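First, one chain by itself: the form predicted on its own, in structure tokens.
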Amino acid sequence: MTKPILRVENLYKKFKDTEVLKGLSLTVDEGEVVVIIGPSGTGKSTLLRCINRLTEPDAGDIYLGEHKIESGKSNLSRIRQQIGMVFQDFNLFNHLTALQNVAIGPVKVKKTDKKKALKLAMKELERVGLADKAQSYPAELSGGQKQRVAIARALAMDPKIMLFDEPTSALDPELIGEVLEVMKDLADAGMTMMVVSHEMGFAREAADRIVFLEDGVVSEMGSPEKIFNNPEKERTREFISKIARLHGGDDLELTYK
């Protein structure tokens, strides 16, 4: 049996007068791929940022395994090392090569020997199909290549879970597929993942569970087949239909196929 690797319990977050998360609870099992969907402004990105304390929640508890994630605690840095995060924008160091960008975390945070870290970094670049770009600087890479370097950088820390915050939203349409392909490969390899995305084809193909967020809480969740083909709530059905129309049909074919 699988066990929860991440637990979010009764999470609240308000920005000024706007309540974004309203008692949200969610678990992610080890090896599970959970895709978070829903309209803009429903707290999807805020949820991910609260998990690793980039944003401080107002109330609620978050656990990675048996360890509570709390700001200001001495173990926060150690726990963050176990949570890989990939953002919309790539956040690469422009003065470092792709190889150096991937190696810097193990060297600076884990105090890994530099030679060993560079070897590890090359392995992760190979994993995302960018071994030939190891000595290239970010300015020499396409958006899709930059995002794949960012994924490799997160993987180099050997995380227990990967969080993806709309990782393709800043990419030109022709570059989206190469990033989704890497993410699909990670899912197939058993990586535990929580993904905020509007890429419904990826969600249908790669997710074990779809979570529909609305108004700061989990409105509905289930298997891709249930959510896409037989949702319980009318609001979920409306959202899926709207996204399908934007993709030019009801079949939500994979972007990268």
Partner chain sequence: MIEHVQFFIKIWPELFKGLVVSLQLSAGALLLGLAIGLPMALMRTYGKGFIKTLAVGYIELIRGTPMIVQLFLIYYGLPDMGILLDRIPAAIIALGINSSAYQAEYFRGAILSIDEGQGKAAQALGMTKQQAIINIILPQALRLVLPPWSNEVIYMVKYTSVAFLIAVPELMARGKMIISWTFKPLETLFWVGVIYVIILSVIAKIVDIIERKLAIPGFQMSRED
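Residue numbers count along the first chain shown, from 1. What you are looking at is a predicted structure, and each value in this text was computed from that prediction instead of being measured.
What follows is about the form predicted together with the partner chain, which we do not show.
> Can you pick the one in M157, L171, L180, L118 that has a heavy atom within 4.5 Å of the partner chain in the model of the complex?
By the 4.5 Å criterion, the partner-contacting residue is M157.
> Since exactly one of S219, N52, S197, T46 fits, which has a heavy atom within 4.5 Å of the partner chain in the model of the complex?
Going through each option in turn, the one that passes is N52.
> Does the 4.5 Å heavy atom contact test between S77 and the partner chain in the model of the complex come out positive?
Yes, S77 sits close enough to the partner chain in the model of the complex that at least one of its heavy atoms falls within 4.5 Å.
> How about I83 - does it come within 4.5 Å of the partner chain in the model of the complex, if we only consider non-hydrogen atoms?
Taking the distances in the model of the complex, the answer for I83 is yes, it comes within 4.5 Å of the partner chain.
> Is Q88 close to the partner chain in the model of the complex, meaning a heavy atom pair under 4.5 Å apart or at it?
No, no contact at 4.5 Å.
> Taking heavy atoms and a 4.5 Å cut-off, does H95 contact the partner chain in the model of the complex?
Yes - in the model of the complex, heavy atoms of H95 and the partner chain come within 4.5 Å of each other.
> For 100-136: residues with a non-hydrogen atom within 4.5 angstroms of the partner chain in the model of the complex?
Heavy-atom contacts to the partner chain in the model of the complex: I104, G105, K108, V109, K111.
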